[in-house]
Structure formats: C-alpha cells, structure tokens
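Okay, here we've got a single chain as structure tokens, the form predicted on its own, with questions on binding and movement later.
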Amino acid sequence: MRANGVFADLIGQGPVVAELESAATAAARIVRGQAAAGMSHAWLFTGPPGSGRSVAARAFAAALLCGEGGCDRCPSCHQVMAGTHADLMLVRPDGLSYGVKETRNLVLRAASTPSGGRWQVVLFTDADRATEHAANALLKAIEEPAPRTVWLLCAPSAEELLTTIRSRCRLVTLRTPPAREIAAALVARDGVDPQAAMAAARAAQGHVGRARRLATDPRAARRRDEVLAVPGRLTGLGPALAAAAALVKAVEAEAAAIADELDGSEQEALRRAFGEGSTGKGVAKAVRGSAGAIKDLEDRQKSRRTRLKRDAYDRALLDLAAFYRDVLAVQSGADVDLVSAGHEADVAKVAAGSSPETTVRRIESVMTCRERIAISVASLLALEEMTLALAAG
C-alpha cells in the first residue's frame, strides 16, 4: 500500500510512515492545546544510504507544519519540500564535518518562536558529521528544548552519535527498500520501462536516488558500466594500472556531475532571492550586494565537492565489491538475484576462471581500498594497489 501526501516518496517504509503520521496527529492536538501522546521534541532517523532517512525527516517536517498533517498541496508543504519555509531550519553539512561555532549559532536560532504558530523544526541531515564539541553543544539544546522546537537528526546509524544524544531522541529506523518496490516507483513516477526499472533497482542495491539516476540518466549508467568493466581488464601489470586510472576518471566524472547539478540550482535560487532578473527600485543595489553571499555559497560548494567525490568513490567500490559478490554467488551455486545488471557474461567468465577463495580475497582487497580512501589515502595510489591485487588474485 502506497503512502499519500508528503509521505508518498517513502518507498517500502510502511511502518515508518504509520509511526510518523500518528506522531503528526498528536502534534496537531498539542498545537490546539489538547493532551496527546506519541510526539517527541527530538527524533533520530537512521537507515542505510539511499533508504530515505532525509526524505522521511523532510516529510515529517512538512506534516508538522501543515494544518492538514502533510497534504502535499498547500503552500506550507511546498515550502518545506523546497527548503524555504520560515519555520524550517535545514542544516546540511557541506564538508566532512560540522563545527561547534555553526552548532551554537544553530541552537540560538532554533530557540525562536515559530512564525506560523505551530513548530520550529530543525532538520539536521548527516548529523554524524558533527564534531565532538559540536555534538556536545547540540546535546544541551536537546536536553533543554524550547517548547515548540522539534529536532530531526539524520545519521546512517544511531551508534554514530553520542550515546547521550541518541538516548534523548525517538529512534526511527528505515530499512533497505525491496528492489521490486523501487522498480514499481520508477515505472509509476518516472515512466521507466519495467525491465530497465528492475535492473536499475537491483544495481542500486536499495539506494532509491541512485536507482532513479541509473534509470533516467544514460551518463550515470555508462559510468557505472565503466566501473564494472574493471575486472575484465585486469590481465597484467600495465592493464591493472590503466584500469585504476580509468576508475579514477569515471568516479570523478560522476562526482562532478552531481556537484554541478546541485551547485547550479543553488546559485540560481540565491540570485533570484537577491532580485536578479527583476526590475524596480533597489533591485540593482540588492544584486550588487549579493556578491558576498554568492562567494560564501561557492566556498561551501567547494567543500561539498570534496565530500561528494569521496562518496562517489565509496559507491564505485561498493559496486565493484557487489560484482565479486555476484561472482561468488555463481561459484557457490547460490540462488540469488545478481546485481551486476548488463555484466552477467563478465561475472560468469571471472567465476569460471577463479576459485571462491580467490574471489573472497578480491572482495577483501576492494573493501581495504574503500577503508583507505575513507581515511584520505591518495585515491589513485589506493586504487592502483587494489587493481594490482585483483589482477594477482
């Protein structure tokens, strides 16, 4: 059964939707001055990448600020989804960490009275990126919340936040959506061919956003094909080093494409906010005054590009690990769906030419490379070591 209103984009999360809808109903009763159970001032949304934890938090924010519990039709819902609602503070760390100075400023702003008379909602995506000092500042705000302030924190797992923070939050855990439900959503919402939708859903391994990108952007699909072509190219020392260089090129192109898309929309929205393209008294002065804000935005976008690049490497290496997982499944005769869509012949060839023990070692090499890149080892160096290990078996 598919959810309605602002929760319609949550795929395969029925229990979560029911819980949030119930809490939004309780919140509406509190706004009317009635007693109600089931609402909390602090929530922690967790789940694997792509499961929709930030989507769930944004939908819940809309439900709290909407007079009809998240109808997805009113100006309030549209403003929340666009990130422009006056009573929504959307916090998205642009870099690899979020500092104490930013957190203290956030806490001060969060204590203000909601202009719409309902709630002041702080939606903190990637809350696990908060530094230790920032997390301590955040803890104080959650321990002593303003009467109408609601904190919505998002993190991959509860363990990535301070114990004292997660113990004061109501936990919402999202699961990895089934491939069939992701595929059905791609067919219904994006008009994707059912067979292509299922292939993208399996390839994305439960990541809804990536499944949509693979199904609707041929360039993204080609870059993934370049990653999965690596095992077939590892025929010696020279080809292994060339494969590492090709992998770097594909991954960085993927990260740049995502960053360019985000940067362009943000810069356009900021220029519109300062009146660019408008006419009238004071517009020219406002546009001239926007230079500082645009420079600040560009600095934050540059920091975000670093994070997006690291995330792109992580996705590529997980795709490569999944390829060898498929190889191991074929070698062991396991009856499972293969995720390396379009590369079944390559999987079969590698499976026939190696042993399960070799495949396990190769998976370990990929995961070791992933760990090294996560701690800022030079990407090309880490990938060259990995491709050499894969070629050696």
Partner chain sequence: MLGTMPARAAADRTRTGLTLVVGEEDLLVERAVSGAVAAARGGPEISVDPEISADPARAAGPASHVDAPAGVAGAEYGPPVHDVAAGELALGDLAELTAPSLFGGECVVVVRGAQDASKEVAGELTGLAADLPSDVTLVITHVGGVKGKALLVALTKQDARVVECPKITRLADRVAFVRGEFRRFGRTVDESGVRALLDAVGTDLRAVAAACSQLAADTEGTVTEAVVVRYYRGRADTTGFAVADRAVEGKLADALELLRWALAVGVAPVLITSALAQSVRLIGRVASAPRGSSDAELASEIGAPPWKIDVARRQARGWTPDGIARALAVVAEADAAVKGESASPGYALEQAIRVIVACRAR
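Residue numbers count along the first chain shown, from 1. Values in this document were obtained by computation on a predicted structure and should not be read as measured data.
We do not show the form predicted together with the partner chain, though everything after this point is about it.
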84-92, 138-146, 109-117, 241-249: which one contacts the partner chain in the predicted bound form at 4.5 Å, heavy atom to heavy atom? 241-249
Contact flag, L388 vs the partner chain in the predicted bound form, heavy atom cut 4.5 Å: yes
Find out whether any non-hydrogen atom of L380 is located within 4.5 angstroms of the partner chain in the predicted bound form, and reply yes or no. yes
Answer for S376 alone: is it within 4.5 Å of the partner chain in the predicted bound form, judged on heavy atom distances? yes
At 4.5 Å between heavy atoms, is L237 in contact with the partner chain in the predicted bound form? yes
